[in-house]
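Just the one chain here, the form predicted on its own, laid out as structure tokens.
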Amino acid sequence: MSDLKGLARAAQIYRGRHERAKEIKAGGGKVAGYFCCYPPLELMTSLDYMPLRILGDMNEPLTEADTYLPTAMCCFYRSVLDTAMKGRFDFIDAFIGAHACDGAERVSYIWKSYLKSPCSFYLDVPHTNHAASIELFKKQLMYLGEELEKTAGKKANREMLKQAVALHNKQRSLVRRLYSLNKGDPPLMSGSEILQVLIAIMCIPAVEGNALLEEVIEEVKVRAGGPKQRKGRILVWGSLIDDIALTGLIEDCGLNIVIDDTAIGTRSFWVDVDETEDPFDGLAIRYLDKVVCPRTFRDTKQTRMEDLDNRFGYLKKMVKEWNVNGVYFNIIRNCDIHGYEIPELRDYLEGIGLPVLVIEQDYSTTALEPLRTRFQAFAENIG
């Protein structure tokens, strides 16, 4: 364990994302790697697995994945498989894939077939939030729990699950407090700092993550020399961002990232699990219905504007609370679920007076620099 605290500790964990997990493994603990926002962290924690968010590497050239995946597929999941084929995740005890999208589904099956983690489970996530879908998803979560118990060598009872729910709800509350620090002008944290903190807490046990969040919040509230006041206060929407090379480029161009709606950001932490009598009910409702992502289809409303408000109204609230005056759509190339949303969401946001910048990027740090002029022009046009 490091003696560093707060932001310095978060930056250290961000740079060595798997080091704490490997320490836990070496000490006899167990690690469960998972895809996207849908495998319930509470199940893993209740069985004493350390949940580890599986990410790719924007700095690593793809040399293995194209043997198994077409180049027309999502660049992020090609990178995930590529790094996995190179042994980056050989230390995990359980792998939990998920049908977050077609790319995640394909990689989940390939992982199970070729990488041979001690426990491999594909979580079939329904694409609608109807009552029947939630019931099906609840059964899937129960199957997942049974499989994890086999590798854990223990069973999770209802009380253990409820304690894990409370622990992770506390973490979500702390993350919301973290983002609230950016409601003022200037914001108290940069987008790059928030990204480092969020990735850090996805790579350490929840108890340690909560302590880290509390340290960061207290540090940032009293420090001097935070982000400068800038004309552009932007919301980032779309495919995940897991490297500060991209957020740093955006901020270097004169923009403050004050809030986001991405899978590494608010989408993973914004809503709690209800503390239901049967914890699986609360888990199923939270992860399938409450997590808002384009991959889940919701019933269409009577008029187009009612439908847009139903799908995107939460973003309008974010815009107001964080005083946003511009939106950047971050689209990883071949990310279909976000790409299909662009026309309607752009119309909706431009309809409330917000300028929108759409960029499709290749999930590679070597491809970022040519984007600089586009962000600079966007910054100049805001305000």
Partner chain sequence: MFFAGIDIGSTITKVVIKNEEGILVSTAQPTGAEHRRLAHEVIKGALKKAGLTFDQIDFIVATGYGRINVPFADAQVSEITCHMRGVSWLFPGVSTVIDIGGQDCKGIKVAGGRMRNFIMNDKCAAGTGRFLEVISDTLGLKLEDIGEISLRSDNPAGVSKTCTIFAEQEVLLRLSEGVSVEDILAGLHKALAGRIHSMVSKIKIEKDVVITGGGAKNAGLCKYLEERIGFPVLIPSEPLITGALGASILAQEMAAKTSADEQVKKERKLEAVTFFDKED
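Note that this is a predicted model, so its numbers are computed, not measured. Positions refer to the first chain, counted from 1.
Separately, the form predicted in complex with the partner chain exists; it is not shown, and the next lines address it.
S.K.: Choose one stretch from 31 to 39, 66 to 74, 313 to 321, 354 to 362: the one whose residues place a heavy atom within 4.5 angstroms of the partner chain in the model of the complex.
M.R.: Residues of 354 to 362 come within 4.5 Å of the partner.
S.K.: Check A377 for me: does it contact the partner chain in the model of the complex (non-hydrogen atoms, 4.5 angstroms)?
M.R.: Yes, A377 sits close enough to the partner chain in the model of the complex that at least one of its heavy atoms falls within 4.5 Å.
S.K.: Given that the partner chain is not shown alongside this chain, does N381 nevertheless sit within 4.5 Å of it in the model of the complex, heavy atom to heavy atom?
M.R.: Contact with the partner chain, yes.
S.K.: Does K22 reach the partner chain in the model of the complex if we count a contact as any heavy atom within 4.5 Å?
M.R.: Judged by the heavy-atom cut-off of 4.5 Å, K22 is well away from the partner chain in the model of the complex.
S.K.: According to a 4.5 angstroms non-hydrogen atom cut-off, is G16 in contact with the partner chain in the model of the complex?
M.R.: Flag for G16 set to no.
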